[in-house]
Structures are given as C-alpha cells and as structure tokens.
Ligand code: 13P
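Heads up, the chain below is alone and in the form predicted on its own; it's given as structure tokens.
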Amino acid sequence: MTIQNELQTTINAMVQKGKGILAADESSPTIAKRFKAIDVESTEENRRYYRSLILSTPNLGDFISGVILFEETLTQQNDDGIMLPELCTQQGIVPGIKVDAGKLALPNAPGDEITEGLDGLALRLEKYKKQGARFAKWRCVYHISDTTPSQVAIEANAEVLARYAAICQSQGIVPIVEPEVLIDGNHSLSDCVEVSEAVFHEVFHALHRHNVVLEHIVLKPNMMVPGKESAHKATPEEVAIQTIKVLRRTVPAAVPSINFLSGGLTPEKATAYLNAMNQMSQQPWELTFSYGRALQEPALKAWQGNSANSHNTQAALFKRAELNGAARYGKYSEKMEHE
C-alpha cells in the first residue's frame, strides 16, 4: 500500500458520520491534576486501570472513531493482557498518539509559548506506528492579552505545526493539527475571533509551504468563545456563527474534518456549541469533536478510583459520547442530559 493510500484509509476510518475523537492523551502533570480532583493518586497502575476501563466501554465505537493516547498508554495492557491500542482496534476505534514534547517560553516574545519535540520525530513515529498508532497529534497554544500573541509567536508555531504535519505524512501517519487559542483571560468574543483568524490563516500558509496534503489532515481548533473571565457569556448560536465565519475564511474545503477541542468548556457547553454549528447550513468539512475533559469528566467523577464503580464510569463516558454523537447531526437538546 502506498503512503497516500495508507493515509486515506486512516482518514476514512477517523472521519465518520456521527462520530468524533476521544482525547485520552493527558500528560503526566495533567492526569495527576484530574486524579487529584477525585482524590486518586496518579500512579502508573491507576492510570493503566482507568484508561483500560474507559477504552473497554461497551459500544464506544458507535460514537468514537479515534482515541488520542499518551505515550505510556501505547505500552500498557488491560487486566486480560490485551495491549491498550489493540483494545481500541477491537472496538473499531483508530489508536493515535500525542507526539509533541510540551510547550515552553518563546524567546524574545514575552508571554508567548512555543511547542517543542520535532527532533527525532520521524524515528519516534516509526516506533509508535509499530505499536499500533495510525495518527498523531501536536498542540500549539496562543495566549490572548494586550501584548499576545505576537506575530513572532503566530508565525513560529505555524511553522512548527506544518513541519510536524509534513513529517507525519512522510511516515504514513495522519496528523491532527491543533492550534489552540486559549480560553484563559477576560478577552471578548471579538478578540478570540480576531486572534483565531490570524492564527488559522498562518497555519494554512505554513502547511501549504511544506506541501502538506490537506485531504490527509484533521484540524483540531478552538471554538470562538469569550475568555472564561469575561463578563459576557456567549450563547451557543453566537459561538456557532462566529466559529463558522472564521473557519470559512481560513480553512480550505480540502480539509476533511474539523474536530473541535473543548479547551476548558463544561461538557454541556462543548456539546451545545457543537450542536449549534451542525444546525447551521451545510459546511464543506465535517464538524465534530475531539474532547478530553468534556468527555471524561463525568466518567472520572463516577469512577473515584474504585473498581466497584466501573459500570457507572463506562456508562457516564458512553452517555457523553452519545450526546456528542447527536450534536454531530444537530439533534442534541438539553433535556437529553437528564434522560
């Protein structure tokens, strides 16, 4: 199979009507924070048990087409000795892997950050592919303030995302390209729109420069929302209208799927906003989800680190996946939260 055919086969499996992607790629500090909230210690065994529990949720593949895994998870097994990537495959879910090495301060750009991890990426991808990963994810973040993001940060992060995507495609790995304009702060909805438009434009200019095949990527952007400390709380309709406006200005129709990140939104809001977008007129791309906390938060609360809560944990995850599956068709309603 040629690399192009391999990439297309993976895209076909990842981009399916009514389905989205589960982000289960929390870094060690992030999963420790999530576990601490439920008073569970973040040991390797607890992480293995929890992730094997959610990945074995019955019928999860009805609404989830791909799962982003943390590197540690690629090498772990469930209690029956089945490798966790294989557990995904058995559910008809494509396993993927977070490959960036985290973010650090961008020199000469106070308040801005850059994501690292390009060195040796091709060799790492070769190894991950042998372990079952068929797609990858790389996240760059942009802070909104009076001085950020700078043009330096917008251009540098776009270049990094494009280089990562090109390396992935050369290895037969589908890249998820994640430019995240952060929700932190008190900025307005219009500030988010302005910054996101500039960021997305620059990302696609860079992808074009690096000859990245747009038909073989997935875009994972933020939605257009005001800062979480803003006095104005946008309605789902406002979020939908502004998000679609920015995407139509910046994202070529060749991109098959836009899988939104939840980025600090509550599970209910993340679902409602996606639903509002899918109630609008037909768009050139699939509009779906790639949520982490907005899918897993109810499951974590149900689990509490207790194996006796396994059924309730899986039921909570399945329900959120099902609700987001309905939002893919614009058929979600708030009353479904209580059914």
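Quick caveat: nothing in here was measured; it's all calculated off a predicted structure. Don't overthink the numbering: it's just position in the shown sequence, from 1.
The protein also exists as the form predicted in complex with 1,3-dihydroxyacetonephosphate; that form is not presented, and the subsequent description refers to it.
- Look at 279 to 287, 301 to 309, 53 to 61, 23 to 31: in the predicted bound form, residues with non-hydrogen atoms within 4.5 angstroms of 1,3-dihydroxyacetonephosphate sit in 23 to 31.
- Within 4.5 Å of any heavy atom of 1,3-dihydroxyacetonephosphate in the predicted bound form lies no heavy atom of P256.
- Contact annotation for P267: none of its heavy atoms lies within 4.5 Å of 1,3-dihydroxyacetonephosphate in the predicted bound form.
- In the predicted bound form, E178 approaches 1,3-dihydroxyacetonephosphate with a heavy atom inside 4.5 Å.
- Put simply, R293 is close to 1,3-dihydroxyacetonephosphate in the predicted bound form: some heavy atom of it is within 4.5 Å.
- Only one of G117, P236, G263, G172 comes within 4.5 Å of 1,3-dihydroxyacetonephosphate in the predicted bound form through a heavy atom, and that residue is G263.
- For the residues R134, H187, K220, H216, the 4.5 Å heavy atom test against 1,3-dihydroxyacetonephosphate in the predicted bound form is passed only by K220.
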